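Next up: a single chain in structure tokens, the form predicted on its own.
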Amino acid sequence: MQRLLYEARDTADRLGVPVFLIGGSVRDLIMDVGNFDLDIAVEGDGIGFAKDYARTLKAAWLAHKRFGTATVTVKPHLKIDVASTRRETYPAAGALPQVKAGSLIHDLARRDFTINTLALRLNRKGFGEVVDKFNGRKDIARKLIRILHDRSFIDDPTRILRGIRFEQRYGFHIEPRTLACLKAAVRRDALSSVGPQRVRDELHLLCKEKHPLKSLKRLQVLAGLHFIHPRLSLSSAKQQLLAQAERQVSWFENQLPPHRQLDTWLVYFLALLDGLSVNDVHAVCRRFVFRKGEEKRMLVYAASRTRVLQALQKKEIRPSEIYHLLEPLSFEAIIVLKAKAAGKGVQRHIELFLTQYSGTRISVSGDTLAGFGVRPGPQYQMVLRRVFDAKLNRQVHSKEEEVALARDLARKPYD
């Protein structure tokens, strides 16, 4: 990270433009909090800086000319956002801002909270100097979340969610005037005036927090959850489910290999929506324009959760039954089911599926069946499934036994 900042310093001096590390990057540096998201502001041509900077780093870069910004990708998970400093005005409450070129101070003044208005000079002359025009360091020391002006939540109501997220992440407090402005914006139903995709993105970030339940509880108190769905609330049972989901996410990350990826935000969002009907979940997905894959995972969970949990409670249930109950569900849905499960037996079934059954493969293939004269069709699928189930149920224990079973099934007439 230091090398990247030194390269930015040298690029800035070579081009003769003032360049700053800005916003959350500086906030977390001052707080000694790990943050691998670098945001760089350029008083001048940000895209030109990004192009030269990327060439120096031998990194990929992508310009967003409409916004005067660019992204430099050093590694798949290490990206540097570069922007020309700018000023913003809001033509209407909740509308996207109108942007034009501005100075560093204009750029800092458009920020959401004082703790995000800090800038760190990257030019060699004054390298490391902190620009703090809005007392951001003082508010960090006092652990306060403070807006820059009284219309902040009206101009951009998503700051309601963002302020709560920062407050709970850092153990800060929303200072009194800011809290009064937030509550006034809630009374005006400000979150309904902003584009639903922007609200979705903030909910996504909130649910990606390490402990999202804290933020959701605070959100319930300050704004309620009706802006997501009219029948959504954070009951004590829902809070218990979210707390259990947090524990199950930790279990998954500790027990499953790294290639088994989990969208943790979706686990918590599924738990939050738990109890809503399929139609209600569908309405939420459509309103906030979730991606098709995300919508599918939510709807499949909503449609099957009760049936699957009831089936898993059977006293005598074979591994193959567990597999076929859980296999159609996403890992995120399965983790929420594990969080909902009342009995240790159901949790154990789910653990076995995740750690053993879901990785099961058989040696019998289409070529094997073709050798036995079985063509693709109903019998073909039946043979493969029967061999697969037999392996799960420990009725066959070797490749030879799998092939022998497939041969026997292939010779039987299929009805």
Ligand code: ATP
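Residue numbers here begin at 1 and follow the sequence given. If you're wondering where the values come from, they're calculated on a predicted model, not measured in any experiment.
Another form exists, predicted in complex with adenosine-5'-triphosphate; not displayed. Remarks below refer to it.
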Subject >> Residue stretch of 130-138, 175-183, 157-165, 235-243 approaching adenosine-5'-triphosphate in the predicted complex, non-hydrogen atom distance within 4.5 Å >> reply: 157-165
**OP:** Mark residue 332 yes when one of its heavy atoms lies within 4.5 Å of a heavy atom of adenosine-5'-triphosphate in the predicted complex, and no otherwise.
**Re:** no
Subject >> Exercise: residue 340 in contact with adenosine-5'-triphosphate in the predicted complex, heavy atom 4.5 Å >> reply: no
**OP:** Using the partner position in the predicted complex, report whether residue 111 sits within 4.5 Å of adenosine-5'-triphosphate, counting heavy atoms only.
**Re:** yes
**OP:** Give a yes or no for residue 18: in the predicted complex, does one of its heavy atoms lie within 4.5 Å of a heavy atom belonging to adenosine-5'-triphosphate?
**Re:** no
Original post:
Quick one: of 351, 389, 39, 45, which gets a non-hydrogen atom within 4.5 angstroms of adenosine-5'-triphosphate in the predicted complex?
Top reply: 39
Original post:
Tell me, which of 218, 79, 208, 169 has a heavy atom within 4.5 angstroms of adenosine-5'-triphosphate in the predicted complex?
Top reply: 169
Original post:
So which bits of 274-300 sit within 4.5 Å of adenosine-5'-triphosphate in the predicted complex, heavy atoms only?
Top reply: none
